[in-house]
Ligand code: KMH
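Before any questions on binding or motion, here is one chain by itself as structure tokens, the form predicted alone.
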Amino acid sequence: MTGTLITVAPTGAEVDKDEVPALPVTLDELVDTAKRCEHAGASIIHVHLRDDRAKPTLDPVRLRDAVAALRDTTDLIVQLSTGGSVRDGEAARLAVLDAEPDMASCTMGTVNFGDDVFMNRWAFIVELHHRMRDKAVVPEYELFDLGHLAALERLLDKEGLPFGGHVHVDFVLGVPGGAAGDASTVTAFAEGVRRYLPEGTTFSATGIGRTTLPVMLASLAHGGHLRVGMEDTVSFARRQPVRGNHQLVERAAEAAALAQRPAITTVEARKLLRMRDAG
């Protein structure tokens, strides 16, 4: 792959709107952010939603409305988070797929998440994997620790390949309780992909907070792709808050171009991920 797939994660479930006014939490804000980020070079949008109080929600109506609005206004691949927040139950997380996204996340194991625990039982992972395949939803397998690579190998060996047959993963690095967000860790994960996962597996990498830049640059150096956004960092530089998600996508696209691997289009991304409408 000579280009770079850029995913934007604009909101997440952890950042407080009162503390970060630029965080997009309403549907109008999300759509405006999506359009700006697509123009800047993103091809996937990873979506968490908020309610009228700007608190995380998996409300099924809001999810369907968000998917429809993003499809009406952009060509972005819509990827819904099935992680929700650490307080969401399994039934609500599985029901996210009823909103019929193009993609959805699938976290490959339980991980300490700051002072909380992000629970992902094996039976839940298997059920999510099967439901995504049945609904023709392409998964992005989220890996928070090196052991998640072996867990994904086990899943694919026992339960088969995902819809479309292509495996795409995202290294989520720098979460307190998960793997470190530095270049050597990206190297270890990239080597693990080659060791444990099918030939042709693609990967993106996400660095939380101040680990954003080292993770981004290391991923590009290893032939990987990128995820950026205000879900993962709200600081653009020292003492310089992020003005908007498009600013982070622009920087990622600039880094990719410098690496001679410019951002790919949404059409190219759909073909890479073997999505149902890839043509």
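Numbering starts at 1 and follows the sequence shown. None of these values were measured; they are calculated from a predicted model.
The form predicted together with the named molecule is left out here; the points below concern that form.
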Shown-form site status with respect to the named molecule as positioned in the predicted bound form after superposition (2.4 Å backbone/C-beta criterion, 3+ atoms) | open
Can you pick the one in Gly174, Gly84, Pro139, Gly192 that has a heavy atom within 4.5 Å of the named molecule in the predicted bound form?
-> Gly84
Among 75 to 83, 197 to 205, 153 to 161, 179 to 187, which stretch sits within 4.5 Å of the named molecule in the predicted bound form, heavy atoms only?
-> 75 to 83
is_contact(Ala257, the named molecule) in the predicted bound form, heavy atom dist at most 4.5 Å | no
His48: touches the named molecule in the predicted bound form, heavy atom cutoff 4.5 angstroms | yes
Using 4.5 Å between non-hydrogen atoms, is Ala13 touching the named molecule in the predicted bound form?
-> yes
Any chance Phe113 has a heavy atom within 4.5 Å of the named molecule in the predicted bound form?
-> yes
Decide if the three candidate residues Thr33, Phe236 and Glu250 all line the named molecule in the predicted bound form, where lining means a heavy atom within 4.5 Å.
-> no
So which residues in 96 to 114, when you check the named molecule in the predicted bound form, have a heavy atom no farther than 4.5 Å from it?
-> Ser105, Thr107, Phe113
